[in-house]
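What follows is a single chain, given as structure tokens, in the form predicted on its own.
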């Protein structure tokens, strides 16, 4: 297991490096003035000598591999440069925005897992009933409806019509838990549904398959209570495919947060990515993509490790 973790971690680091190289090359290949992209200032009005001096001060006169090496070395030390929008340190901006994104993501993840697994179990145990049909319809709707549509629907119902929830903003949970819950309710609900919907379907189908196994029939024949058979015997073995889906959706939270944070004015890293694209703030956008890549490969590695906890018979060579 230790060898597998070390090898997987090395592969994950290689993926992150590859992504950073690709993003760095794309940013340099985009049309436009590289000086303006890195500093937010146009070179209009500068003579040729001043432009060359400015590029030399930014290191843009050196070969691309050398520029990447300098940037990567600074990034390893936690320095992603300065934003072209406001000339603030990119690392500081990302760190401050991650506070909101992490809180939103954790609330959405917990809600999504609880709702998805619970209703998936109920649907499997009530196969063919009205409850099963309703759960299936909800799951299909959660998969099919885009996040921006469900966001607008929640805003219309709970803010415009009922006046129950504020339309957006963010408050730290430790500052005012009640207000934070109100402001996180709608964005976390939208993201939670993107997690819960596929988990409902996979929990239902996986549990139905496991419940047909011989050892489940044997457990029931021995007189074990129904809840004990489901929770202690069937559920654990049916969670392997659910863990895979949950891991993919955890990484998908980053993708969904870009839209949801913009819709609900949450000052998170997703909203920062949108602002960076609009302002052509390449240093910030480049750092955000690398951070997204690190989180994605870390989640995938965590899912692989969870497999062994759920099923000790799995061995990694």
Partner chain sequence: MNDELSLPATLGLPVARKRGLAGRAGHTFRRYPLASISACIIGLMVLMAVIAPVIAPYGPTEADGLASLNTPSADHFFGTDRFGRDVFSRVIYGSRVSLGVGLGAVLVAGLLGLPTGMIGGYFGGMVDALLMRVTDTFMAIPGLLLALSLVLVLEPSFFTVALALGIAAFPGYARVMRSRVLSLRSADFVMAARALGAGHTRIMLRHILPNAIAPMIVVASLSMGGAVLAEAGLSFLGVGVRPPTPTWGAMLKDSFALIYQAPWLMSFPGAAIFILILSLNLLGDGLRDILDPRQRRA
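Positions refer to the first chain, counted from 1. Being a predicted model, the structure only gives us computed values, none of them experimental.
In what follows, reference is made to the form predicted together with its partner chain, a form of this protein that is not presented.
Screening 111-119, 174-182, 213-221, 158-166 for residues having heavy atoms within 4.5 Å of its partner chain in the predicted bound form returns a single hit, 158-166.
Contact with its partner chain in the predicted bound form holds for all three of 14, 22 and 204, each having a heavy atom within 4.5 Å. This chain is displayed alone, yet in the predicted bound form one of 146, 78, 92, 225 has a heavy atom within 4.5 Å of its partner chain; that residue is 146.
With the partner omitted here, the residue from 152, 88, 134, 106 that has a non-hydrogen atom within 4.5 angstroms of its partner chain in the predicted bound form is 152.
Mapping the unseen interface onto this chain, residue 266 falls outside it, with no heavy atom inside 4.5 Å of its partner chain in the predicted bound form. A residue is said to contact a partner when one of its heavy atoms sits within 4.5 Å of a partner heavy atom; residue 66 fails this definition for its partner chain in the predicted bound form, lying far away. Under a 4.5 angstroms non-hydrogen atom cutoff, its partner chain in the predicted bound form lacks residue 301 among its neighbouring residues. Mapping the unseen interface onto this chain, residue 140 counts among the residues with a heavy atom inside 4.5 Å of its partner chain in the predicted bound form.
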